[in-house]
Ligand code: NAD
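Take a look at this single chain in structure tokens; it is the form predicted on its own.
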Amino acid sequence: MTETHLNHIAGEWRPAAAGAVFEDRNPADDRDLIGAFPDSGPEDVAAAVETVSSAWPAWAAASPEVRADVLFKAADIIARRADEIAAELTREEGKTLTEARNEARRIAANFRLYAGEALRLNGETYASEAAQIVFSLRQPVGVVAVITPWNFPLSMAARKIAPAIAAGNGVIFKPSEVTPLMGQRLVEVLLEAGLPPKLLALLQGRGAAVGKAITQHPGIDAVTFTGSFAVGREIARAVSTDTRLQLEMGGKNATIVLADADMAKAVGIIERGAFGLTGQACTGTSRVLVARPLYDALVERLAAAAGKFKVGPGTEDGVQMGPVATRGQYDRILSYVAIARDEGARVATGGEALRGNGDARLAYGNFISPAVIADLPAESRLLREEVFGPVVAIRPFDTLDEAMVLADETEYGLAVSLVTNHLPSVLRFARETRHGIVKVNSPTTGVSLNAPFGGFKHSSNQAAKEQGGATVMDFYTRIKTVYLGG
């Protein structure tokens, strides 16, 4: 019997107003139906906004210790249930159990980080010529809409919801329709931790309908979104001019290998960045720019490493790469491999559909072998367009100047990594590249939860940075200046 799940609106679990549902299936075996979830619409959005709007002022008036305590308790609950939630994450999104456990455990750290931020919402005082005291207050923005993607359904949501709650806001949460169960689990944890039930609404559904209704609702004070540039652009067009907006979007991230690099280290860095998480990370390595003397050897060694990857269901021991999360993304990735061949590039290894290769383990899942593509023409689409899968395009360069131009030759500017031991090149590259995250001798993936996160160009709208850093709470608070006279 199909398990039917519910929205959380007005402090209660309920179906979508119109009664519509959508199915959630296991990407490693599409015969496995995880459940049916509400396909929400404008009526559900209106009910959620009305309730959260009425609930957040009391939460804002609560002491910082009360808000912090809820997040600390949520962290403890997540930590206790990490293995259980990780197993569900693997079943729903496809990543390996190791990757899922890492994400689940990171949520506890995220909640603790933002619990601390609730206690650090400080104002400032300013010198004044008059006989008065001038100071600033930080206050919540109101109702924050949180719209998150499927590739990190726990961590992306936690690093948006937790600071919103810490600052005293109410939240309308719309998780991806690809990973609705993870969105539900996160809400359940926060409610168990003692969050006022009417402060947080969970709206499941397809983005084109419910997401549009959320962003266009006049009762929304702020929208924080992570997803594609195309959707982010539509949100920017839809929201009111006085709605605060934070957009984290795509990436076309490069690893640059200079001539002095250690080859084994470079290959290890690239394969972790390109094929970890099935290449489905916004910071994933999609391009490799390599000094020409190392080009042939690096292509050969990276192809050999990729060819040894064990692909399969993330629940199996020894599996290094799980399935692609959706059938649509599966078809898209395969189409880009076909585009590369049509352009005259050389597929050194991989890029093959494994669903029909005779292996019963892979027969019903979205499995693709990791692809290494070389000898691309300069105008290749694979060097510029986001693929979002285990496909890496390799291109040679002759000088650092050329490498810097090629690295920035896309509409995105999220993450870039440099493999070298030459400090002057590192310092120059870090200063001049148009990327928000610069890694040295490490993969483009993997970021510290207490460091600012965000990109340049089409990767971000350059609102206050996500995650840690001195400005992390700027998006979730308004600053009011007070002049206190005698």
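Don't overthink the numbering: it's just position in the shown sequence, from 1. Please read all numbers here as calculations on a predicted model, not as lab measurements.
Quick note: we don't show the form predicted together with ligand NAD, though the next part is all about it.
By the criterion of a heavy atom within 4.5 Å, residue 92 is excluded from the residues contacting ligand NAD in the predicted complex. Although the partner is absent from this view, residue 117 stays clear of ligand NAD in the predicted complex, with no non-hydrogen atom inside 4.5 angstroms. In the predicted complex, at least one heavy atom of residue 208 sits within 4.5 Å of ligand NAD. Using a 4.5 angstroms limit between non-hydrogen atoms, residue 59 is distant from ligand NAD in the predicted complex. Contact with ligand NAD in the predicted complex holds for all three of 156, 174 and 388, each having a heavy atom within 4.5 Å. Comparing 314-322, 123-131, 396-404, 227-235 against ligand NAD in the predicted complex, the single stretch with non-hydrogen atoms within 4.5 angstroms of it is 227-235. Here is the short version: of 105, 346, 265, 212, the single residue with a heavy atom within 4.5 Å of ligand NAD in the predicted complex is 212. Just one of 148, 255, 366, 110 comes within 4.5 Å of ligand NAD in the predicted complex, counting any heavy atom, and that one is 148. Along 236-254, a non-hydrogen atom within 4.5 Å of ligand NAD in the predicted complex is carried by 248, 249, 250, 251, in order along the sequence.
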